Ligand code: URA
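In the block that follows, a single chain appears as structure tokens, in the form predicted alone.
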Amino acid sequence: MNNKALLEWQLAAGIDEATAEAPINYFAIKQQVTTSIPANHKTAAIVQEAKINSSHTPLHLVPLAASNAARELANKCDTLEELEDAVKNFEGCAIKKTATKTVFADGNPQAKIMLIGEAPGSQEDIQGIPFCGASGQLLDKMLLSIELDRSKIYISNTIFWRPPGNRQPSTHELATCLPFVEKHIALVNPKFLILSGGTATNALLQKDQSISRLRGKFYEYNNIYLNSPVKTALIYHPSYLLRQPLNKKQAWQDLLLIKQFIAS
């Protein structure tokens, strides 16, 4: 493989930067996160360290001190502005140290439709806006096909910072951000929720199945902050459709199902 081909392969894999503006001491990041855990929680955190990256562990069964800290902060937030400030100032998720920006939300916070994706990518990390890269352009086209746009929908993610190299978020990271995501949904209080991609689906619905098996029907989403369940639909993540265009037919079927529900 020549140098050009190697660089193209790395770019496609999400390895889009060799260095940051300043060197990052990952050992210090790990130490900082560990030392921020109260003494009485350290033993449990150490015991869980070997388990937290298992994608089969339900998030509510992962007893993380960072998640508890996020929960305490989320409990105190009564507005979206307060929640955004809490997320931006939160230091309990290590990937924040390697990210450029906190990616909180986009669209209309007054909208009755909320869409939640997976994690920011490289363009989202640069601009601080969810779904603004190639996958965002495809999402906009998908929404437009059912007469929606960002003035009629509110968009966020299950993770607020870009994982290095665009890797999948770990169970640890998902569990840490989950209290913020739950409060986010409750403060927006949508009448209809769309989960985009397997990560968002599994994190919020606690389903240990692929989205290809779960899609095609509605679900009821609830959490401790909501007064009543929210009707929920699933769609493939646009980045997945860019890699697997043959599944666009199923994606269109899911969009039609959403359109019918909104029109009813």
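Position 1 is the first residue in the sequence shown; the rest follow in order. Just so it is clear, the structure is predicted and the values come from calculations on it, not from any experiment.
Below: the form predicted in complex with this ligand, not depicted.
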If we test each of Pro179, Gly121, Gly107, Pro190 for a heavy atom within 4.5 Å of this ligand in the predicted bound form, the one that passes is Gly121
Would you check, heavy atoms only and a 4.5 Å threshold, whether Phe160 touches this ligand in the predicted bound form?
no
Considering non-hydrogen atoms and a 4.5 Å limit, does this ligand approach Thr171 in the predicted bound form?
no
Given the stretches 85-93, 67-75, 127-135, 171-179, which is the single one in contact with this ligand in the predicted bound form, using a heavy atom cutoff of 4.5 Å?
127-135
Hey, which residues along 232-253 are within 4.5 angstroms of this ligand in the predicted bound form, non-hydrogen atoms only?
His237
